[in-house]
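Only one chain is shown below, in structure tokens, and it's the form predicted on its own.
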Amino acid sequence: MLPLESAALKHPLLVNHLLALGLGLGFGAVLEWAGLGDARRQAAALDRRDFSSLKVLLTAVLTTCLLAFLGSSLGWLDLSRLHVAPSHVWPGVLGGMLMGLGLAFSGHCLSTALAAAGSLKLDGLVFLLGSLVGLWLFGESLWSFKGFWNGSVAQHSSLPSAFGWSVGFTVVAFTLAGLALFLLMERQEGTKPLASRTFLWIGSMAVAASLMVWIKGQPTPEQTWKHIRAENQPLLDNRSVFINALDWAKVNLDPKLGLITVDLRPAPAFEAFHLDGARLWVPGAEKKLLAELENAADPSAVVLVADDEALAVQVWQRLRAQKVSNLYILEGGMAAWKQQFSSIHLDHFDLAKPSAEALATFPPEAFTQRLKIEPSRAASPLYCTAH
């Protein structure tokens, strides 16, 4: 299954470089073949005479969308392993406006300038040089507007999360909207008959593919687990994701560290006693947790608490399949927790939130540091759940 595993490749670095080179050359060749290395053709879209550049871009986006989600539906591509970069909303809006001005003045964007420079066009070479200078200036001056740059970060913006749509419905709607926009541009140009036979064939295939994505749906977490089991099951087998009570209590005392404790026990047991800040695992809690982790600015550790270890493992596998990182299980559940602190005899001792004074009664060798909070490159849950 794609994407390729680096560990399974004999020379992963060489393969990565060859893939990057091949994709780059192919992308440049397509741009040049479509005539987008010509600045005059790019600029013609601004006065609505020639939409070639927009039609090439729209075709690429629609093709990628359909192949990616169809491949995911058929089990050929694991989209949960693809990184979804955060969006800088207002800087992106401003950058888009500046890019539009640059396109209006020069007739190029960075990719088409590279294609033009590859064919030794002087305007492409000049634009490319200016882009490199601009990138350097941006990097050197970022510190001066860092607040604006980081002030509107959206971790995983998507149409399904914004409108509450399923992935399949989103793909169908996006495909129909794209085809309608393509027809509108063809009509505006007025050089070709509207809805040609080629367009009808290709459009019908695109709609059929989008409907297949909608009908078949995306892989469930259980199906995704089968693909990632080989690399994740050892974490359960060697119990490296099982933490003891002292480890949790120590991290819980540090306000700088994000800690989310999820209690999987029945509601009566939770109401009788639960750890400090713990939340009950109720219907809908999984979706809420994934959304919280998706939009969090800083990574957090998630600790599952259950007296039934099999249940904790099952939920761990499900969340791990949805790319939740820093995910742990409290070893032994509440029984082990109470046993761990049964020897503490301090005034005002809170069993749900042991203090630093309580932890100081244990020798240093009693602490096994397994709980670590590392930066996450998780994909959006959009790509990991069935619809």
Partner chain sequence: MTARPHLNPYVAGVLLGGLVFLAFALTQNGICTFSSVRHFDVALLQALGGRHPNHVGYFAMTGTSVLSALNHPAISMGLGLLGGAMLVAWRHRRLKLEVLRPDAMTVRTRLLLAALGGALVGFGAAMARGCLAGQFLSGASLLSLGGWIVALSLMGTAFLMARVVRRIWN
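Positions refer to the first chain, counted from 1. If you superpose the two forms and keep the largest set of C-alpha atoms that fall within 1.5 Å, you have the rigid core. Every value quoted in this text rests on a predicted model; they were computed, and no experiment measured them.
What follows is about the form predicted together with the partner chain, which we do not show.
Here the marked residues 16, 64 and 170 all reach the partner chain in the predicted bound form, each with a heavy atom within 4.5 angstroms. In terms of contact with the partner chain in the predicted bound form, the residue from 266, 95, 234, 75 that brings a heavy atom within 4.5 Å is 95.
This chain is displayed alone, yet in the predicted bound form one of 252, 111, 261, 317 has a heavy atom within 4.5 Å of the partner chain; that residue is 111. Note on the interface: of 329 to 337, 342 to 350, 356 to 364, 31 to 39, the segment with non-hydrogen atoms within 4.5 angstroms of the partner chain in the predicted bound form is 31 to 39. Residue contact with the partner chain in the predicted bound form: residue 83 places a heavy atom within 4.5 Å of it. In the predicted bound form, residue 158 approaches the partner chain with a heavy atom inside 4.5 Å. Taking the partner from the other structure, the partner chain in the predicted bound form has a heavy atom within 4.5 Å of a heavy atom of residue 120. Though the partner is left out of this view, residue 300 does not reach within 4.5 Å of the partner chain in the predicted bound form, counting heavy atoms only. If you take 304 to 331 and check each residue for a heavy atom within 4.5 Å of the partner chain in the predicted bound form, you get nothing at all. The Cα position of residue 369 differs by less than 2 Å between the shown form and the other one after fitting on the rigid core.
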